[in-house]
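Take a look at this one chain, the form predicted alone, written out in C-alpha cells.
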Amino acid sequence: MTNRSDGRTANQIRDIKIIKDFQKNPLASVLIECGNTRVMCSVSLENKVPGWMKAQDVPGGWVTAEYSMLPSSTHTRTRREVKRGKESGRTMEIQRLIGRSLRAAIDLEKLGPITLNIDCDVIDADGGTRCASITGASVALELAVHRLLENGTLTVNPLKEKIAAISVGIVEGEPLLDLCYVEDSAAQVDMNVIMTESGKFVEIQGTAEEQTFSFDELNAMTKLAKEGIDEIFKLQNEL
C-alpha cells in the first residue's frame, strides 16, 4: 500500500469545496478547491457566434474555454504566456479539452446565436488543474444558463447533464485516485478521465510515463476514476 503524502487512501478524493459567485462581474463564476489546487472559473456572454459558424451557416451557439496559470500558482514563478508572445502547447491542449468537455454537456442548437466564454484561471496548482477546471466550469456553466433562462435570453434549457473530471494514475505499482502534484510527478501512468452524470465517458487521456500498463490496470484505473467522479457529482448536486 502506497503511503500518500496527505494521508488519503488509494481510492479517496481530495476535499472539494466550490464557492459560487466568487466574482462580481461575470455572468457566473465559481472558485473550486480540490485539496491545495484552486481554480477560478467564470462565464461571460457574447451576443454573437464565431465567424466560422456564420460562414458555414451552423445553427445554434458556441461554448469555448480559455485556461491559464497565474504566475504565483506554482512553487517557482511561471512567466505569463502573453510575455512569450504565444500560448504553450500545454495551455492550448488543456483549454481545448475543457471546451470539448463542456460542449458535451449542452445542446448547442438550443443555446441560440450566442457564445459562452469560460475562463479557467489557476490560482494554486497542486496537481489536477485541468480536472478541477472542468468540474468547476460545469457548475459555473449551469449557473450561467439558469440566469439566462431567468432573464429571458434563453427560452429553452440547453443543458443536457453535468460534467466532472478526475485524475488517476499508477504510483509505485498501485492505482491511486485524484493525484496531487507529488504523486503526479512520480506516477508511472497518468490518466485524466471526464464523464457525464449518466455515466458516459467524454474523454480519457492516459499516458505511460515510465512504463507501459496492462488492460487490467486500465480497467482498474477507469473503475477508480468513475467512483471518484460519482462522489463529485454528489457534491455538485448538493450546491
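All residue numbers refer to positions in the sequence shown, first residue = 1. Just so you know, these numbers come straight off a predicted model, no measurement behind them.
The form predicted together with a further copy of the same chain exists for this protein as well; it is not shown, and the discussion that follows is about that form.
- Remark: none of the three candidate residues (Gly112, His146 and Asn237) comes within 4.5 Å of a further copy of the same chain in the model of the complex, counting heavy atoms only.
- Although the partner is absent from this view, Lys20 stays clear of a further copy of the same chain in the model of the complex, with no non-hydrogen atom inside 4.5 angstroms.
- Though the partner is left out of this view, Gly206 does reach within 4.5 Å of a further copy of the same chain in the model of the complex, counting heavy atoms only.
- Interface residue remark: Ser214 is counted as part of the site for a further copy of the same chain in the model of the complex, having a heavy atom within 4.5 Å.
- Put simply, Glu210 is close to a further copy of the same chain in the model of the complex: some heavy atom of it is within 4.5 Å.
- Scanning 73-102 for heavy atoms within 4.5 Å of a further copy of the same chain in the model of the complex gives Ser73, Thr74, His75, Arg77, Arg80, Glu81, Val82, Lys83, Gly85, Lys86, Glu87, Ser88, Gly89, Arg90, Met92, Glu93, Gln95, Arg96, Arg100 in sequence order.
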